[in-house]
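Only one chain is given next, in structure tokens, and it is the form predicted alone.
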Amino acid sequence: MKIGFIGLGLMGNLMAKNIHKSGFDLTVYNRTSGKTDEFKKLGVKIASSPKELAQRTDVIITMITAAQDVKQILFGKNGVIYGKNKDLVVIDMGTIGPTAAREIAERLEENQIDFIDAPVTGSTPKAKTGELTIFVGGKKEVFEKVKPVLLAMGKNIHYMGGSGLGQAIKMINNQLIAATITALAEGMLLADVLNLNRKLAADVLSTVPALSPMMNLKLSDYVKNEFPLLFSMSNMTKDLKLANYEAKKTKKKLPLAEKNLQLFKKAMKKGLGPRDFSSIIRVID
């Protein structure tokens, strides 16, 4: 299969490189063209538009932050739908929510293009090693067709069912991550007020079942009070908005997710959007 990749940001850059390393015939496109320079040096082909990318490839992967931007890439001027080859498959691997995924799937189907929603988790460390966890929604036969490409980027691949269900489990995953990291931040602040050394507290907490793998990953950041960027505050805020939006559509209340969203909105107002989401401790403090 000839693979096209759109969105060479923090995660997409690493994911596209793993596709290239796996031996696939890769062509990339990025709205900010400078991000394609290092791929050109690797011998990867560069497309001038999504339309051209579609003309060259069998599978197109998008790794773009917001649903409206994905739609623009697919359906806008010089979009993917205007250059498709026969049997083209589009895989979106960002977090855009179940509603947007289903809307995109329906519009692509009208243009005889198959769609898979396949959001990822594992952040940049797993993106670099090609060990991402990937949640998949869409037609089972299409998933089986593109699975070799997904295996170039991830090791834990979960087929969840029809369109939007990959996004659904990603909503749950990120709502849990936000909740646990907020709880960890409060735990470190509680250690401070109780005059307990953060390093000592972290050493003990790393041995108990209360901590998730993500919390363990962030423990040392809280000890050092430094938060290297793995997943931005703006992205987590966006994902919490999506989770709350999906719940409210069915009049379901998610009190913790709602409170967390308000906290993350405060972080955005303080200018922490580009920072790692674990710096939420600075808002709580």
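Just so it is clear, the model here is predicted, and its values are computed rather than measured. Between two forms, the rigid core is defined as the largest C-alpha subset superposing within 1.5 Å. The first residue of the shown sequence is 1; numbering continues from there.
Omitted here: the form predicted together with another copy of the chain. The next part is about that form.
- Of the heavy atoms in A101, none are within 4.5 Å of another copy of the chain in the model of the complex.
- Under a 4.5 angstroms non-hydrogen atom cutoff, another copy of the chain in the model of the complex lacks Q112 among its neighbouring residues.
- In the model of the complex, another copy of the chain lies farther than 4.5 Å from every heavy atom of D69.
- Although the partner is absent here, K40 is not a contact residue: none of its heavy atoms lies within 4.5 angstroms of another copy of the chain in the model of the complex.
- Across the proposed site, I46, D87 and A152 without exception lack any heavy atom within 4.5 Å of another copy of the chain in the model of the complex.
- Partner contact region in the model of the complex: 156-164, out of 70-78, 156-164, 112-120, 143-151, criterion any non-hydrogen atom within 4.5 Å of another copy of the chain.
- Screening L184, I96, I91, L132 for any heavy atom within 4.5 Å of another copy of the chain in the model of the complex leaves a single hit, L184.
- Annotation for 178-203: interface residues with another copy of the chain in the model of the complex are A179, T180, T182, A183, L184, E186, G187, L189, L190, A191, V193, L194, N195, L196, L200, A201 [heavy atom within 4.5 Å].
- Remark: with the core as the superposition reference, the CA shift of I172 between this form and the one not shown stays below 2 Å.
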